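A single chain, nothing else alongside it, follows as structure tokens in the form predicted on its own.
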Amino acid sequence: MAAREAEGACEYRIRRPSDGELRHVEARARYEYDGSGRPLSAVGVVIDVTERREAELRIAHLAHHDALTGLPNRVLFRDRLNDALARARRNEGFAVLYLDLDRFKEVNDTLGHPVGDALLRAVTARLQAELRETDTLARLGGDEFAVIQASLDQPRDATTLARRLVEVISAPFLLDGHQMVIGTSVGISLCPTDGFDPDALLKGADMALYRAKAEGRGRWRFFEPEMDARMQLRRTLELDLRRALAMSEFEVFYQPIVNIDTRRVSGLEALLRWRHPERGLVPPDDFIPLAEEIGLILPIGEWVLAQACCDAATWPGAPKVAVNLSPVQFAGRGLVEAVAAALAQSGLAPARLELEITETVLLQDTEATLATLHRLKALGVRIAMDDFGTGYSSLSYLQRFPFDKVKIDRSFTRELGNSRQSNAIVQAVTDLCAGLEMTTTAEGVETEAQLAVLRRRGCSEAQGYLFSKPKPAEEVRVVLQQLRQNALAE
């Protein structure tokens, strides 16, 4: 005889007669049978499980959607990408567009996260308005979005969409009484052109986005195979950089800064070099930008600061030492403490340390940066503006902070004597700084003719190959002695 079920359950929906509302109902029953298996009785209950089902649906939705914008999240985007790949195998091509917002962090930092969240929702609305029902828009996290654009006419359709997305996001937003202008950059990969692997398509779009941002933001770029090779080289360089710090492969070279009137050394600038075990001496332009991007410039910068102070403490004649500070060091915390620690550990007099900053430092957060500069100044160190004249608002910064020195960029020094414009600019800078009681140092001085023009223009100091190339720490004493003898012979 067949076994009888002792319990049973089923779930169904009903529409409540009183108000027509749809409810979820679960019915459960327990059965009793006699010895021969005939049913004797049944006891059951009917339960309204609407709230439970709605809660389960909300949980399922949250598992696949972004809580802030309601867009598909990374998990659901991956499922949609796999679906698109299945269709692509039936000759239905598509594009993956990877976006992130330009200057979004500034909004979060200055106006707060509630305004930042409102901005992300507004961005979502603008992006959705540019897409079709067959497209998928997802928020992958932070200010990163991705689109799957179904289309047989690629890359033309992806180009058209990318242009529209850049345009609509660049238009001003007005939120909570604040007007803000951001932007977006877009990286694009194509299927089947760039393959059928979901990871490869996402990686390709991400690499194309990186290129778009590197080329100036507010633009779009398609993935190209050579981008992968460049990214592999970049990854290798990043690993080498981290190893270099651990293995003490960095060195500090020094270039003299000379008083123009006396030709005596007034200070030396500390310049970072990397002695790579295979590539030899690597110039800073080849690795400093990457070190800043990955945050490694913070420990490297602290090491340079400490090393330069220790070296300078041993120099005869007590010349100053100038150390360049990265914008990343200002953006992080602990800069003032690091400078104070380097002075304390080396025993160097604060007045002998000169910290050089560029206009980029002042552009990132003026009020916070000025506060940090004043704290550094309170330590007794000198502050210099480097590469003066290459930015667009240097004069306003001279008014807002009492710099001790202004360094005239080598692009002006190079044309001295040959360009009326360069002569006029150098004259104007030296006159301005004299009125503000600031020292002026001309960089890139290579000839006596340039030095003579600088002397006539009233420039205070000069730095360049005319006096010495940057030298390792162990050669500084010899260079100082040679320059001292040359000055006495004048």
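Everything numeric in this text was worked out from a predicted model, so none of it was measured. Counting begins at 1, following the sequence as shown.
The discussion below concerns the form predicted in complex with a small molecule, not included here.
Engineer: Only one of these stretches, 75-83, 211-219, 151-159, 283-291, has heavy atoms within 4.5 Å of the small molecule in the predicted complex; which one is it?
Structural biologist: Among the listed stretches, the partner-contacting one is 283-291.
Engineer: Counting any non-hydrogen atom inside 4.5 Å, which residue from 369, 136, 266, 326 sits next to the small molecule in the predicted complex?
Structural biologist: Only one option qualifies, and that one is 326.
Engineer: Between the options 311, 102, 387, 240, which residue brings a heavy atom to within 4.5 Å of the small molecule in the predicted complex?
Structural biologist: Looking at the other structure, the residue within range turns out to be 387.
Engineer: Although the small molecule is absent from this view, report whether residue 431 comes within 4.5 Å of it in the predicted complex, heavy atoms only.
Structural biologist: No, residue 431 is distant from the partner.
Engineer: Contact between residue 297 and the small molecule in the predicted complex at 4.5 Å, heavy atoms?
Structural biologist: Taking the distances in the predicted complex, the answer for residue 297 is yes, it comes within 4.5 Å of the small molecule.
Engineer: Contact between residue 458 and the small molecule in the predicted complex at 4.5 Å, heavy atoms?
Structural biologist: Residue 458: no contact with the small molecule in the predicted complex.
Engineer: Any chance residue 307 has a heavy atom within 4.5 Å of the small molecule in the predicted complex?
Structural biologist: Heavy-atom contact with the small molecule at 4.5 Å: absent for residue 307.
Engineer: Can you work out whether the small molecule is within 4.5 angstroms of a heavy atom in all three of 270, 356 and 444 in the predicted complex?
Structural biologist: Judged in the predicted complex, 270, 356 and 444 all sit within 4.5 Å of the small molecule.
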